[in-house]
Structure formats: structure tokens, C-alpha cells
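We begin with a single chain expressed as C-alpha cells, specifically the form predicted alone.
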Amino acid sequence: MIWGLTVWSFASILILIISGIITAVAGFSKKHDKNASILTITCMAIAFFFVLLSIPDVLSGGVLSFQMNAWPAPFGITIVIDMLTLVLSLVITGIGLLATLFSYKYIKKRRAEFYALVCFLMAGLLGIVHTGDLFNLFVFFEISNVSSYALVAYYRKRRSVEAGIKYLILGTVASSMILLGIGLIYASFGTLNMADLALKLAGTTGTIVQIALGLLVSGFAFKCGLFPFHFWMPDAYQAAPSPVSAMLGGLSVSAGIYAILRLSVGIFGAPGTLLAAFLVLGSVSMITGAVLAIMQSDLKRMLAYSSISQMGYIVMSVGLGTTLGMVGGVFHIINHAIIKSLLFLCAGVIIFHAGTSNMYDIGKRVRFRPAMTYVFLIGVLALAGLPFFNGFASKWLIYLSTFEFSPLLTIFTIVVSVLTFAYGIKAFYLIFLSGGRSSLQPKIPYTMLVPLIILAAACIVIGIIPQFGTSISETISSGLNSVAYTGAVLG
């Protein structure tokens, strides 16, 4: 155990919770409402810096654990940091910082309310990837969910309230499934510590265990919008403010996939029946999301269905049950978070200036500057998986892994990528190249433009130098079912 590192990393969660409380209190005074954005951006930067401090010791120590109040595992609350936790924490705080900076000029009303909810959302997501026991996984999951419900309904218009209520109802069902699964596990094994469960569940294939696993995976599949748990996603992403859509589409789904991987592979040992279900549901999600995306006229709904399709890539790749498939799936989690955050923030700029999210109307209302055109195109090409972009780096590994399994599955995967390219280029053409546009060229605020440039640059850099991302994904994949995790927690 490396005390300093663990405290610094976990402190990022505490900083965001404190910031959320202060911002919420400030919301009662309109005088301090305008300072909420400055406070939140500052705290997000501090949280990102704290996670950066964790890098050297995680690289040298492998898996690090910290027992709250010195209660030994499995009796106390355990915080665990491994390579997967570190990478996703960097993604969550890094993209969260950029999305929060983006919102500085985007959100103009009830700022304290908005930023308080954002802080709690980010704290919940970080808690999901840090916790070492199932109960606190559920607690942090709920913190992020409740914040998400309110953020989706933030505009308080009919569509946003309807989407928020729909999200709330389906989210409550998912939470109930998770809680029931946790209850079955505790009743059967008397522990909720993940490392302790991994030892006690080794070789166990009883009916109760299978039911509990099915409930847990189904509940977390809701969070990442995997078919058939995706019905809430298009409405929620369309109704939410675009910075929130970026956080949900890029970060929340990543936390959901993290929970599924940690449970199915790290605790339950990736049973064959579950991998087969992943293979089927992932494939259905891929094609369903892509077909529905190409049919959309609303930009944010198209991106929402695209997220369903991309989650299918990840789950299908993991379902192959091979090392290469796992590496490709993990790498695509990182790349998808970057790409989809970029595209949702681009959508925010487009809607901010055009006043509509209908792609057929946007091109008639406004003409964007070249910088905006290029960053959106980079996001589209990366999402489709074209060479020299980060989406290609992870999809290439997925193609190779599917070819080892069945060449027909490779063809299917490539066809879905072609559909992805089709709806991406459709959006690009309608928004930036269609005729009848006005001569207006809006100037994009730097607080919006800088996050777009950083994310677009990441798409290119990772695409040109994919070895770094591949190496990290290999380390993460090898550590998911390693004894290092249980050894670090239980000693």
C-alpha cells in the first residue's frame, strides 16, 4: 500500500463532492451564481491533477488499495486503484474538465444548480471506478444516476422533463436489479468485497450465482445503453444540455462498461454462457444502433444511437473470450469516450449557433468557420474507424479478434463500420456542405473551441501512435482476471 498515492487519487472524489455542496449552497444566492462555473472548473482541474499524481506509483506498484478507517478487508470499505481505474479516472476527470470548460459560455441560467449536479455526477463516476466492494459500487452508481436524471431535465421544458422522467423510471428498474443481485450475493456468501468474492466464487456455478450475475450485468448494461436496455438513451441525450450529453455519452457509458468488466471478468471469472450473451447482444447492439442512427434527422439522437452501436463493438469484442478481443474492447472504451465527447461538444456548438438540432435545418441557418468544420470531420472519421485516427486503432484489433473467431463476424463488423461512416458523412454534409446557407460565420468562444481542439488532437495522436494505447489496454486486460487484485486487497 502506498499511502500518499491512494489518498491523492481518492481525494479527487472528495474535492468534487465538496465543490458540489458549496456550489449548491451558493445557488441560494443569485449574487454568487455566476461564480459557480469558476469554482467547478477549478475543482475539476484539481481533481485531474490529483489523478495525475497517481500515475508513477500505479505504474510501479500495479494494484494499490486503501482501507477506510483502518478496517481490514473484507470488513471495511476498500478503495482500489489498478491500471483500469487509473486510465478511466484520467478519462473521466480530463474529459469532465473539458466539458465543464465548454459549458462556461454555454450555460447561462441557474449555473449553481447545473455545476453542483455536474460535480456530483463526476464524483459518482470516479467512485464507481475506485470502490472495491459491491455496495459502494451501487451507492456511487446511484449518485451519478440521480445527478444524471436532474441534468437531463435541466431545461425544464416538456421534452426535457419527459426524457428525465423516462430516464428516472428505467433507471430505477435498473437500480432495483442491481440491488437485488447484490442482496443475493450477500445472502449466499456473506461478503460484498470484490476481491473476497473473487476467491469465494472461484469455480462456483450455482443457480443463485447465475441469477445474481444476470441481474447485476443487466442493471449496469442499462447505464451504457446496451441493447435491449437502450430505450432511454436517445431521448435523454437529445434533451440534455450538450455538455451533459458529452459526459453521459463519453463518460457514463464508460463507467457502465467498467462495472460490467469488473464484475463479469474480475469477480465471476467470465463464464462461457455470459460471454456468449455478450457476443449476441453486442452484435445486435452494433447493427441496431447503426441502422437507427442513419435514419435520424436530429443530430443528438443520431449520436445517441451511435453510442449504442459503439457499446456493441466493445461488448461483442469482450464476448469473443480471447485476449486480443479483450484488448480491443478495452482500447475502444478509451477511444469512444474521446470521440463521442468531441462529437457531442461539436453538436453543442452547432446547436448553440443554429438554434436547432435538426440537421436538415442547420445548414440553411448558419455557416461555420473552418476550425469547426475540421474538428467535426475528425470526430466523424475517427468514429467510423478510418486509418490514422484513434477509432481505427481499436477497431483494427477488434477486426483481428473477430477474424480469429469467424471471418463472417469480421465482415459483419466492417459492414457496421461502413454504416457508421455513412451516417457520419450524412451529418457532415447536411451541416457543413448543404446549399442555401446564410453568410453568417459565428465566432466560437475560446472556452468552447479549446476543448474541441484538444479532443480532436487526441483522436489524431492516438491514431498515429496507437502503440501506447495498445500497451495500456494489454496491461489492463491482463490485470482484470489476475490474482494481483485480490492479493493487493486481501494481502
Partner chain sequence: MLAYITAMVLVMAGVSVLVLKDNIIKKIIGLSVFSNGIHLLFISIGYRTGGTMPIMQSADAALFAQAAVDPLPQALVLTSIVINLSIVALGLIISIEVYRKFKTLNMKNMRGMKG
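Numbering follows the first chain given and starts at 1. Just so you know, these numbers come straight off a predicted model, no measurement behind them.
Beyond the structure shown, there is the form predicted in complex with the partner chain, which is absent from this document and is the topic of what follows.
Per the 4.5 Å heavy atom criterion, the partner chain in the predicted complex is contacted by stretch 186 to 194, the sole one of 96 to 104, 335 to 343, 186 to 194, 349 to 357. Though the partner is left out of this view, residue 162 does reach within 4.5 Å of the partner chain in the predicted complex, counting heavy atoms only. Although the partner is absent from this view, residue 156 contacts the partner chain in the predicted complex, with a non-hydrogen atom inside 4.5 angstroms.
Using a 4.5 Å cutoff between non-hydrogen atoms, residue 365 does not count as a contact of the partner chain in the predicted complex. Shown alone here, residue 200 lies farther than 4.5 Å from the partner chain in the predicted complex, counting heavy atoms only. Only one of 406, 172, 210, 323 lies close to the partner chain in the predicted complex, with a heavy atom inside 4.5 Å, and it is 172. The partner is absent here, but in the predicted complex a heavy atom of 180, alone among 414, 280, 180, 291, sits within 4.5 Å of the partner chain. Candidate site formed by 138, 168 and 235: every one of these residues places a non-hydrogen atom within 4.5 angstroms of the partner chain in the predicted complex.
Taking a 4.5 Å heavy atom cutoff to the partner chain in the predicted complex, the contacting residues in 121 to 152 are 135, 138, 139, 142, 146, 149, 150.
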